[in-house]
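Just one chain follows, in the form predicted on its own, and it is written as structure tokens.
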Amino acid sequence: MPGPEGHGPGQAGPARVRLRYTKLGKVRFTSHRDVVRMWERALRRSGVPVAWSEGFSPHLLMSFGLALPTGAESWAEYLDVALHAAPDPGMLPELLSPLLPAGVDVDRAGRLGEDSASLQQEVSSCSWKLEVLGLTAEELGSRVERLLAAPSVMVERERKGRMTHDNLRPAVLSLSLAPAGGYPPGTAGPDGVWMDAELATRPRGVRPKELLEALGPEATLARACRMHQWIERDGARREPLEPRGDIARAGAAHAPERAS
């Protein structure tokens, strides 16, 4: 039995569209579950013909990429949506952004091929900017060097209600102090020391907070911003959807009636 927007026999299946969006400012404290609800409301209000699942509890056909830790910001979040009679993807950023909370702006939209894999399967690493308090640049630089030189870096994690010890060193693909002025766009200025990190997402990803724990108890994570998500294929690296314009822009303006 088809859902509210189901397709019947002989009809073409829905088209898949990928959205790239930001999550900046106060909205960073919104949990992933609330982000899902936020998008459901925006898509319903937009009038975009989103496809529904079938069965007794139909839901909008959409899938998110890697969950962003609550409290972290991002210039590169992704959402895949199945649409009937999909409009020109170029229209979607302007249509959807005003319906989303301040700090969430759709940067670009693009159609996906039928053979495109899910974001969870494709993304192999993420680039981060991390602000660290509690250490000077010299102290932090020394600890970064020691971590990169170590054959293993063990951290304690909770998994299915049990504490385990994992080696996070293989997942730290690169780590360095950011150059002067190397903090994310829209940040007023550095209060601490900024680092650039690229962290693998599989076989088990590393969260920025876990990386800071490995640098010592004095290192406190003040701010984390995901700048890129990367797909590696046939020796080449690319983003799931290239950003529109210069990522150094400070973000789109928000009208007073913006969703909250």
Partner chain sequence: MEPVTLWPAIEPLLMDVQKPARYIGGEDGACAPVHGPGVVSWLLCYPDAYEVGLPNQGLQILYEILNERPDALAERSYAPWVDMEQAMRAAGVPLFSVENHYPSSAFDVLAFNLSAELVYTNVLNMVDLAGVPIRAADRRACDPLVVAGGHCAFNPEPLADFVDAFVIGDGEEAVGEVTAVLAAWRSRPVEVRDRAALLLGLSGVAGVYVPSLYEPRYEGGRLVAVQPRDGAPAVVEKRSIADLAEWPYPRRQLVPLTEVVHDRLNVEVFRGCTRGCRFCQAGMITRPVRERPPEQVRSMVDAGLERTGYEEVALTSLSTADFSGIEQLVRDVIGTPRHEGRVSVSLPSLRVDAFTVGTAAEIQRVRRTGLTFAPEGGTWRMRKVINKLISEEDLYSAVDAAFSQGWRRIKLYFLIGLPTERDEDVVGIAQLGARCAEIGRRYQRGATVTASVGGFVPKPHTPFQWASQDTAAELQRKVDLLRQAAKGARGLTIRWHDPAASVAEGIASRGDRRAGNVIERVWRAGGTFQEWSERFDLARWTEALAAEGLTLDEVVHRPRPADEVLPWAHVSAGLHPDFLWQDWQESLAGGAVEDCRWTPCYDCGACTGLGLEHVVASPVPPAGGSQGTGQDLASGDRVPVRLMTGARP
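All values reported here derive from a predicted model rather than from experimental measurement. Residue numbers count along the first chain shown, from 1.
Heads up, the form predicted in complex with the partner chain isn't pictured, but that's what we're talking about next.
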| item | value |
| --- | --- |
| Site test, R33, R37 and K209 vs the partner chain in the predicted complex, non-hydrogen atom cutoff 4.5 Å | yes |
| The partner chain contact in the predicted complex: W52, any heavy atom under 4.5 Å | yes |
| Contact of V193 with the partner chain in the predicted complex (heavy atom, 4.5 Å) | no |
| 4.5 angstroms heavy atom contact with the partner chain in the predicted complex for H228 | no |
| Contact of V27 with the partner chain in the predicted complex (heavy atom, 4.5 Å) | yes |
| Segment assignment from 229-237, 197-205, 211-219, 38-46: heavy atom within 4.5 Å of the partner chain in the predicted complex | 38-46 |
| In the predicted complex, the residue from G134, P101, G186, G110 that sits within 4.5 Å of the partner chain by heavy atoms | P101 |
